[in-house]
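Below you'll find only one chain, the form predicted on its own, shown as structure tokens.
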């Protein structure tokens, strides 16, 4: 047998090297052109991308990971032209140009600014589909298209002006809304023509984007899609480790209206995270309980694919409420979670766009059934049981159920007081065509459930201790109701005195 020639050996070596380069990461010529400029003018973006898994792995290699549980890509096929290249600038910003209102000519390329879930779906279609069925993806629509919720947002963001006749009210402008509620709920990003800007490379033309920048979870994008993957997987590193850390969720879930992050930090789980997370592996897929991490984070309970001793404990999901039976926050009463992510379709018996009556009775037609609630509860409890006994789990959820029932009952008292103020004419309520959220007694009512009842429930759901008592908890809830009661009594006295003087 003749020895292989040097030429043949070199050819084989080059073929092997080329095959390995395709698997490990070859940057396309289009992306290389982008990087050549942007490494000088926006170096931070390039460095972040270089740290990402996108810069190191081709879609082909990602799909061919042998263990299905270890795969980070849900597409079974990807475009042939991208198979041998890593996911770079061009692979995202040149996608679907005909669908993007923000597409423009840029150095010979048809580029769009806003990368959307529809673009990410080329490699992650399952995640896109799940997220689209999520309340988060509908966050803009559910807020701005619900007249009652929009009225609450307006009462917060509106401009109050003091005049000789008292306080007047002007509607908030779009920039105020974008800098307030829509920072998290998302804006509508539209294109208002082109504009010339001075850059480090001289004058260049760009689309004039309205509602941008924004990373809100329910952002309406220029291609019509909803949501922003970058709300959790911040661009351009798109790190799974970042998305798994509570600090990411804390961007929007920290304030007194939805204090999940604040409660988590003071919980035993939060204590374990702050003390031991430096030893955890936040990159591992799947995420192995007791091996990669030893205490829950937001992602482990609500999103991540979890295994224990090789067995799947919870499937990965981007429908963030898949594992939740109750909807605890944002509304006067805790209630079963909605069936549809579009909550604008909900109407209670009184015709209001609310999932409960003002008396607390659920609008059951629009909410999941008891059976579905039990299924969701079982899923979250399986995660608990990986570390806790059945006795611990049962005791914990018994306390949570009690807190939901009690906080709902206390909210009824606050609602009855504001209804009494409306009935007696002490406040201009919705029956008179006025906002139910913008007078002193009404704002106290809102605080009672939006801040204090919510905080009490979150403390029970996450072990937040003082957040359920003195830190925006039961004490403030009781105090506010007493203040509301005293206010109504005072108004009764003023009204009686006025009637007496009128009679004289």
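Here the rigid core means the biggest group of C-alpha atoms that line up within 1.5 Å when the two forms are laid on top of each other. What you see is a predicted model, and the numbers here were worked out from it, not measured in a lab. Numbering follows the first chain given and starts at 1.
Not pictured, yet referred to below: the form predicted in complex with a further copy of the same chain.
Asker: At the 4.5 Å heavy atom threshold, is residue 372 in contact with a further copy of the same chain in the predicted bound form?
Answerer: Because no heavy atom of residue 372 falls inside 4.5 Å of a further copy of the same chain in the predicted bound form, the answer is no.
Asker: I'd like to check something about residue 199: if you look in the predicted bound form, is any of its heavy atoms closer than or equal to 4.5 Å to a heavy atom of a further copy of the same chain?
Answerer: Heavy-atom contact with a further copy of the same chain at 4.5 Å: present for residue 199.
Asker: May I ask you to check whether residue 354 falls inside a 4.5 Å heavy atom distance of a further copy of the same chain in the predicted bound form?
Answerer: Residue 354 lies outside the contact set for a further copy of the same chain.
Asker: Examine residue 62 and determine whether its closest non-hydrogen atom to a further copy of the same chain in the predicted bound form is within 4.5 angstroms.
Answerer: Residue 62: no contact with a further copy of the same chain in the predicted bound form.
Asker: Of these, 333 to 341, 231 to 239, 118 to 126, 75 to 83, which stretch puts a heavy atom within 4.5 angstroms of a further copy of the same chain in the predicted bound form?
Answerer: Of the stretches listed, the one contacting the partner is 231 to 239.
Asker: Only one of 105, 192, 409, 203 gets a heavy atom within 4.5 Å of a further copy of the same chain in the predicted bound form. Which one?
Answerer: That would be 409.
Asker: Just give me the single entry in 367, 266, 305, 301 that has a non-hydrogen atom within 4.5 angstroms of a further copy of the same chain in the predicted bound form.
Answerer: Contact check passes for 266.
Asker: Kindly confirm or deny that 89, 150 and 318 each have some heavy atom within 4.5 angstroms of a further copy of the same chain in the predicted bound form.
Answerer: Looking in the predicted bound form, the three residues 89, 150 and 318 all stay beyond 4.5 Å of a further copy of the same chain (heavy atoms).
Asker: If you apply a 4.5 angstroms heavy atom cut-off, which residues in 391 to 411 are near a further copy of the same chain in the predicted bound form?
Answerer: In sequence order, 391, 392, 394, 395, 396, 398, 399, 402, 403, 406, 409, 410 come within 4.5 Å of the partner.
Asker: Superpose the two forms on their rigid core, then report whether the C-alpha of residue 163 is displaced by 2 angstroms or more between this form and the one not shown.
Answerer: Shift of 2 Å or more: yes.
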